[in-house]
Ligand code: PD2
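Take a look at this single chain, the form predicted on its own, given in structure tokens.
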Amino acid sequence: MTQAITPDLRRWIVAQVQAGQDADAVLQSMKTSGWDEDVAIEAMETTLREHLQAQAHARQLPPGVPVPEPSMGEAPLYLDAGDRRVTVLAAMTAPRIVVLGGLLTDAECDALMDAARPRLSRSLTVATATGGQEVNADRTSQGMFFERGESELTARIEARIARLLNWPVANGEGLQVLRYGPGTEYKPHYDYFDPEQPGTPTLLARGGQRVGTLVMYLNEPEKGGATTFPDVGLSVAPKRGNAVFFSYERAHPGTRTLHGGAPVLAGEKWIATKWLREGEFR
């Protein structure tokens, strides 16, 4: 018998999420009540997406845009990244966050760190007042950028990311590699460009708004260094070869994509970050 996604079911899903239930708990409750898992997942995804759009419209937020995202429609355990099968370790719908296992090999992690090490310097942040870059006390790492497709290694990883996230290679910035030593961090921030800032038109001219972020962990610090999402109480441990992806369909705090790199308490943390743009990054 076909199970129908009724208005009553949609209202119940919204009420559960507003009451603080996470997506896994809501899904399990539906399955326990007899709902087919595929129908339950579809109901949750469509209901929450429509609810967020309605909330955004009511609050007069800017319209949402298409964003990169893995193919999560059937709650897969694994995702096809072309040359590699990647594990889905955890997923959240609102905000859209996916924790991925085994995105990079140990050899790829080592090669990225080795290639980046001689080019590291104090990390900069976007200067939204001018469209340039600046030193920011909130970000105390060292970093560098590879050009897109700079080497066989970076081109291979970029192609894997494009396949995994269903987003063109050309719409991605070059890989950025960052090293965090003891005591260094990146305080909570948003990755999109603030439309109210005077330098934002200059930043958008290179490929449009940022719409997604992928953080890949290249090593494991002895202690600390998690990627945190304060708005939803999520903390992702920096496990070598794993990654966390999140996307944001509008440049607004309502996306709940506030995130940061917690202080490294012992050892050092290396990550590679990939930012995805609306259009071709130039």
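Keep in mind the model is a prediction, meaning the values are calculated, not measured. Sequential numbering from 1, following the sequence displayed.
Although it is not shown, the form predicted together with pyridine-2,4-dicarboxylic acid (PD2) is what the next lines describe.
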Of the candidate stretches 156-164, 125-133, 199-207, 184-192, the one with residues having heavy atoms within 4.5 Å of pyridine-2,4-dicarboxylic acid (PD2) in the predicted complex is 184-192
At the 4.5 Å heavy atom threshold, is A251 in contact with pyridine-2,4-dicarboxylic acid (PD2) in the predicted complex?
no
Is I271 near pyridine-2,4-dicarboxylic acid (PD2)? Define near as a heavy atom within 4.5 Å, in the predicted complex.
yes
When the contact criterion is heavy atoms within 4.5 Å, does T227 count as touching pyridine-2,4-dicarboxylic acid (PD2) in the predicted complex?
yes
Could you tell me if I41 has a non-hydrogen atom within 4.5 Å of pyridine-2,4-dicarboxylic acid (PD2) in the predicted complex?
no
Interface residues of 244-282 toward pyridine-2,4-dicarboxylic acid (PD2), as seen in the predicted complex [heavy atoms, 4.5 Å]
H259, G260, G261, K269, I271, T273, W275
